[in-house]
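In the block that follows, a single chain appears as structure tokens, in the form predicted alone.
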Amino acid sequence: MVAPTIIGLVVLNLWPFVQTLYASFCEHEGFGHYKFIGLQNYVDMFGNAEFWKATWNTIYFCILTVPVGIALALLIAMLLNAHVKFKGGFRTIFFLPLVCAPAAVAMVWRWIFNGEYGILNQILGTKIQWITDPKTAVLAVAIVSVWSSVGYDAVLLLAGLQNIPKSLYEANSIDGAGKIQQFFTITLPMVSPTLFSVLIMRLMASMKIYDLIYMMADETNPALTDMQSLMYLFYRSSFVAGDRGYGSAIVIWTVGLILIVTLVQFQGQKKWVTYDI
């Protein structure tokens, strides 16, 4: 019964990863031919300042998006779980960014962030070059990422909130607990397994960020080097420069980072995720 799943996993995931791992130790000679060069790609990668800048950009992007995105998603989920009118409409509105085409989302936000005519500068009364200024380029992409993903995360957390028995809140109210105390003693522990799943998915997605950067910044953007992520550097190395061996080394490094972060999260979740109350 599980054979099709196992075959799909091996063909679509495991075998391409093995090929990428092998390619990271090779020089690409074109037309699918590779020459084994040992650790040279990794030596070049670790000695490249652009690689370390891309690594920091990826980490910085995660710092900007993951905590803020999850906090907003939890807040929205709690508001949607409350007794408010037009609840179904609000859920649709918050989920809408996920079903919009990423290219359309990026184009709209490029106009919003436009330094000359953008509505954001008009509201703030500033002339900030949001996408072309190295100081704000990553922040601009992070804002779009949070806006795009917060609805999906909120729906997942809303499902977790709706599984909390109402009797727990009623009993806690009888004991004199307020809303804030109920949040920390009931809501947060009960929703923590869902929160942990959302955290894992959001962190992985943030570390693989590529599409938003590609669509919001072109090759002529002066801030491109200051905002490119590891996956964007992989794209430029493999498909623009044609150095697929070097690009494969970047992918292996990224997979290693995700693996380390995931293992740390699974170790840390023992201290704050509550599976039995």
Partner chain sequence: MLLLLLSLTGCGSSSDGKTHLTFQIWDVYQRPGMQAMCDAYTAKHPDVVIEVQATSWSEYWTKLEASAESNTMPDIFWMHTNQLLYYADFGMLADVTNLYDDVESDYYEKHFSEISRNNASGSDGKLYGVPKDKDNGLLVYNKEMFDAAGVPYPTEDWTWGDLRDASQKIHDKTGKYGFMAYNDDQLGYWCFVYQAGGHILTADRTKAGYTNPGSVKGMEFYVNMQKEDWCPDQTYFTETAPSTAFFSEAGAMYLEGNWNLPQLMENYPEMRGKWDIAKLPRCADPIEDSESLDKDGRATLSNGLCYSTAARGKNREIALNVIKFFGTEEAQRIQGEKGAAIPAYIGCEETWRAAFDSYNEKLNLDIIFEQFDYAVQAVYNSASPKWKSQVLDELTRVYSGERDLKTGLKNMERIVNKETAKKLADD
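Numbering follows the first chain given and starts at 1. This one's a predicted model, so the numbers in the text were calculated from it and none came from an experiment.
What comes next is about the form predicted together with the partner chain, which is not displayed.
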- prompt: Applying a 4.5 Å heavy atom distance criterion, does residue 240 contact the partner chain in the model of the complex?
  reply: yes
- prompt: Looking at the partner-bound form in the model of the complex, is residue 55 within 4.5 Å of the partner chain by any heavy atom?
  reply: no
is_contact(residue 145, the partner chain) in the model of the complex, heavy atom dist at most 4.5 Å: no
task: Answer for residue 113 alone: is it within 4.5 Å of the partner chain in the model of the complex, judged on heavy atom distances?
output: yes
query: Can you pick the one in 38, 30, 47, 67 that has a heavy atom within 4.5 Å of the partner chain in the model of the complex?
result: 30
statement: The one residue among 149, 194, 206, 129 placing a heavy atom within 4.5 Å of the partner chain in the model of the complex is 129
task: Would you give me the residues of 210-229 that have any heavy atom within 4.5 Å of the partner chain in the model of the complex, in order from first to last?
output: 214, 218, 219, 220, 221, 222, 225
